[in-house]
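The chain below stands alone and is given in structure tokens; this is the form predicted alone.
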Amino acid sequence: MRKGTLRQILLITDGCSNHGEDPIAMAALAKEQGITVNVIGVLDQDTIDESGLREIEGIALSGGGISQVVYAKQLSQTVQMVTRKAMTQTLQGVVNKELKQILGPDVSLEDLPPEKRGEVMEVVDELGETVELEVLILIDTSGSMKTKLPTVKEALLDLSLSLNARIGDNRFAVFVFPGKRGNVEKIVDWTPKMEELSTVFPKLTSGGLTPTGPALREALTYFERKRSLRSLIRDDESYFEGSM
């Protein structure tokens, strides 16, 4: 099985979007482009707004990802669990697709004998440790998230440490919404580690609307830009090799 790059958007929010396009439609578009959208809803009290909960679940469902609603103090282990679980889910999907090509359209992982299924899951686990991973993190910085931002920062630093224990390469980018001058603002460009969050986070201001849809659209554009740049570099390399 050819190793590619797993691409994820991790959305951290505490409620309903109230500005711009439908975030559920944007998540569906991400899935079409091979990007998984995971959503973590952060609670303050025992309750979360019903429409907020529906939106969190709807975004993850449309984006082929996982949603989890947690208290701020549980955020660190949840961020890690959701990211890794989504990786396994994506890889299982890829393996299932390859099994269907080899064994026929009616065969899935569950249909294999237990020992064969065990062997396939070992491959999935190994890929989970070696595959390249790109995670674009979208953080809701609307007014109600203000007290939760220090916890979000710690959770993301823990995620970086946890994922860098893998063999495969990781790259992270961090966007916040709303931004200072628009719906979205990039605060960390693609990087294998997230130490710079410690300097960037204290300067963040919170407040304003919650443009979740526009934030997801910007994340997709950013992934696409990165991919275009990569193919441009590859074409250049081929050109130079061909002319030598």
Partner chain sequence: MMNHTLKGLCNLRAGTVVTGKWHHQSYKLLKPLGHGANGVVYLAESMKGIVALKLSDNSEAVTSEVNVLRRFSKVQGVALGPSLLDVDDWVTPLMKKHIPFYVMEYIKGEDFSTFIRKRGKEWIVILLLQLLSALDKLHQEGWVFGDLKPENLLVAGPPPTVRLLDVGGTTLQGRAIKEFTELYDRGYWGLGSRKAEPSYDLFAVAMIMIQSCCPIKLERKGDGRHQLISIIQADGMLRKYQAVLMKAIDGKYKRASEMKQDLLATIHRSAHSHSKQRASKKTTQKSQRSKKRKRGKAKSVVETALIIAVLLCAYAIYVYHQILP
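Residue numbers count along the first chain shown, from 1. On a predicted model such as this, the values are computed, not experimentally measured, just so you know.
Not pictured, yet referred to below: the form predicted together with the partner chain.
Picking from 71-79, 143-151, 170-178, 99-107 the stretch near the partner chain in the model of the complex, with a 4.5 Å limit on heavy atoms, gives 71-79. Residue contact with the partner chain in the model of the complex: E132 places no heavy atom within 4.5 Å of it. With a 4.5 Å cutoff on heavy atoms, V94 does not count as touching the partner chain in the model of the complex; it lies far away. Contact with the partner chain in the model of the complex holds for none of A25, L29 and T83, as no heavy atom of theirs lies within 4.5 Å. Looking at 165-188, the residues that come within 4.5 Å of the partner chain in the model of the complex, counting any heavy atom, are A165, R166, I167.
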